[in-house]
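Presented below, as structure tokens, is a lone chain in the form predicted on its own.
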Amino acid sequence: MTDRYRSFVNSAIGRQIAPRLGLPQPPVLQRHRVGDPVVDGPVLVGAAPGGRLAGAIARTLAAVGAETWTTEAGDLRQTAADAGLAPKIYADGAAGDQRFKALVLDATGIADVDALGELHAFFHPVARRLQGCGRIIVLGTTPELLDGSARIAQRALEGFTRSTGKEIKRGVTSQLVYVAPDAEDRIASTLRFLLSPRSAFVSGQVVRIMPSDRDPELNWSEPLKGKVALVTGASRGIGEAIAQTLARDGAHVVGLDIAPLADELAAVTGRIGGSAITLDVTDDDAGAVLAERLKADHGGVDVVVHNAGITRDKTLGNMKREVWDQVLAVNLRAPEAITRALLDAGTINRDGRIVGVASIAGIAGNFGQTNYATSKAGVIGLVDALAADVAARDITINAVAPGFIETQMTAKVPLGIREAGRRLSSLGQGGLPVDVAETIAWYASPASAGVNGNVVRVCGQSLLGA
């Protein structure tokens, strides 16, 4: 579906007219293309005194071949050099018109309110030097693992990153990554994702990384090579994009959908060299059938994506019970039942990944969607309920919460509501199905073993909800 307004204001004529009329100008976002570098411009790295992540950050930047700059701090320069980087030195006012694609700060050393001034000290001189579609990434320590002033100061980082995401515009995104002690070497997949165009429609988010002893050898070009991925609701829209993206990353994708969509499903899986299963996820024996099929045909499954979902919108006073039950059955009861069945049968392999597709409606609520919002909040609850249990089996469970995504379904939304959905975000536009798919691919990576129990909104930092 074409966003005609955004296309117009980014045309030659529109770029002249829009500023004169005071019209918003949503940027054209940069998205990943096969063969693109992780980050296509200079990265400036800083560290608050006492930080513990500079070495891990530097090693990741060295691995992706990023042009790296550092502040004048001697320890930081030496850390970068030890990681194999030859960083350039940035001093305010002494680097000409140098601009940066990303600003990355190790804020783990911020242990009290006064130390929060390190945020201003690092970002203030360079806030106007960010390129379009640039990245702000702050890395801190999980507040719940701290006490006293350090816990207070680390929690304060969330207000900073959410505000910078709304403030800088031009397609710039801002994220906070909380890294638990002993999880320093688990940040690579998350840092790569957030630096890259793969995260174009993700902003204002908080990611938590926990320790993990899983450290598989990885081909970053095809991180899922040799893996089997199940995607429910794979015949169209977001599900189709998820299937294509996981296949791009090397997975054999088993697409699942209902019998009436069998032809569309076969077309999708045929294009990507995958397999197709026609099944109603609400059947009482759906989990058992899937466990048996996946074991028999593929020896198990490595990635399970619960994407199948429906809407049946009515205000609560006008909603019949069967309409309520239909939405809860597909969107929540089925993911829970299937997940538990696959776990109980041992069908999900070690280093497996479970991903639920929630919604910002499950976070903020939505008019006429009490059933849908309830079901999607429940998907978040499923992540909370199972995170510790699956971690003990070397499996992770996370969720994405899409906002306004340009699909066949949103194309049917009345124009006024559709335009509001597009514009009420920091990025001023709707996302694309691939934006959801890229976020799921990050969760699915074997390198994301420390990413567990997270819910990341793919909504361009929607102004609705938290």
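One-based numbering along the sequence shown. What you see is a predicted model; the values in this text were computed from it and never measured.
As for the form predicted together with a small molecule, it is not shown, yet the points below apply to it.
Not displayed here, the small molecule is kept clear of residue 199 by more than 4.5 Å at the level of heavy atoms in the predicted bound form. With a 4.5 Å cutoff on heavy atoms, residue 396 does not count as touching the small molecule in the predicted bound form; it lies far away. Contact annotation for residue 42: none of its heavy atoms lies within 4.5 Å of the small molecule in the predicted bound form. Contact annotation for residue 55: none of its heavy atoms lies within 4.5 Å of the small molecule in the predicted bound form. The contact residue chosen from 165, 239, 171, 140 relative to the small molecule in the predicted bound form is 239, the criterion being a non-hydrogen atom within 4.5 angstroms. Of the candidates 364, 119, 390, 281, 281 is the one whose heavy atoms come within 4.5 Å of the small molecule in the predicted bound form; the others do not. Judged by heavy atoms within 4.5 Å of the small molecule in the predicted bound form, the contact stretch among the candidates 214-222, 247-255, 104-112, 272-280 is 272-280. For the marked spot (349, 385 and 444), a heavy atom within 4.5 Å of the small molecule in the predicted bound form is absent from each of the three residues.
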